[in-house]
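In structure tokens, the next block holds one chain alone, the form predicted on its own.
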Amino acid sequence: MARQSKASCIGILTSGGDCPGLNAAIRGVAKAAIANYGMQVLGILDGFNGLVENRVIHLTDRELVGLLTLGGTILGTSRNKPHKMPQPDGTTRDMTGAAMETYRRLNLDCLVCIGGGGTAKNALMLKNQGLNVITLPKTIDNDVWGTDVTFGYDSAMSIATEAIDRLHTTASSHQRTILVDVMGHNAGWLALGASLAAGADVCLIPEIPFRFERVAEAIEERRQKGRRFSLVTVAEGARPAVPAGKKTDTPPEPVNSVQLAAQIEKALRTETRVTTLGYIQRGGTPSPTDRVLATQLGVAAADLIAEGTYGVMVAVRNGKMVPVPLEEVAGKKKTIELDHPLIQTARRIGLCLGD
């Protein structure tokens, strides 16, 4: 028997980069909304593109079968924004009005936007235009403000950890230094977590500008102890420190791992290679942890919609699913604080962070 609900029809879209757990989140929202509240659930195709272009599918129990373990998103995704939609002539156009018209034509009571920080900003814009919205935090970077963790992060960290584990044997067999590029433009959660889990020797993250001399020293110290190989994890947003005595208002560009490898090889005369994991980190089956988390977030979203709570992101705080106003989330990034337990753990076990 369906419980009482203030909403009868909702839409779900996935926006931004793909990551493991998106389908599990779609499934969590839809199953809870249908089974507990008798809601009609519509899937909006290809992110905000589908909202602008009125491209939808009906989500019933039949469409939800098998989604829990499936990677990617059955709804498709894009990074396009309602207020800046690409046009055939290469320009962009504000299509917010078209998005709002689709919302009203479909008689939606709420739009569930599953995505990261950019999606939260777009959802807030729609909220300010009068639409009822709720977001779920996903990203492999774990950098969404206001939540302890995002789904997608655990799966990506597991993938990166396994890759470093495998590279360990090649590095040790050939006495090489291997640099491993992992994702993370603004935050080093993925690089640091995988480094700790896989036992990397150096980890360079955006939050801590690094000095080449310190990286070289760490590798040389290992060689002096008879360890003739090293593993260096490099987040894509890691930057070198500004040289002592030099003043600048512009931070250095992110490090190029190929160039850094060449520097290491020249300075230490050690064979050095680079492995870039790239989109491998986004793909494949979600981990059990992400399946559970995405499901919990989805169910919490359905409950909030039923009680008429809108304009929020469903966040994880101290193990509980709680609503956080979008105004507190949009436009912010959750980076690793320098006194964070992960940083302290890394330093205590001798993981070089380049500073």
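Note that this is a predicted model, so its numbers are computed, not measured. From 1 onward, residues are counted along the sequence shown.
The same protein also has a form predicted in complex with 6-O-phosphono-beta-D-fructofuranose, omitted here; what follows describes it.
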Is the gap between Lys121 and 6-O-phosphono-beta-D-fructofuranose in the model of the complex 4.5 Å or less for some heavy atom pair? no
In the model of the complex, does Ala156 come within 4.5 Å of 6-O-phosphono-beta-D-fructofuranose, counting heavy atoms only? no
Residue-level contact is defined here as any heavy atom of the residue lying within 4.5 Å of 6-O-phosphono-beta-D-fructofuranose in the model of the complex; does Val232 satisfy this criterion? no
Might Ile140 be said to contact 6-O-phosphono-beta-D-fructofuranose in the model of the complex, defining contact as any heavy atom within 4.5 Å? yes
Which one, Ile178, Met95, Met183, Cys113, lies within 4.5 Å of 6-O-phosphono-beta-D-fructofuranose in the model of the complex by heavy atoms? Met183
Single option in Arg166, Arg79, Arg273, Lys84 placed near 6-O-phosphono-beta-D-fructofuranose in the model of the complex, where near means a heavy atom within 4.5 Å: Arg79
TL;DR on 278-286, 144-152, 224-232, 123-131: the one with heavy atoms within 4.5 Å of 6-O-phosphono-beta-D-fructofuranose in the model of the complex is 278-286
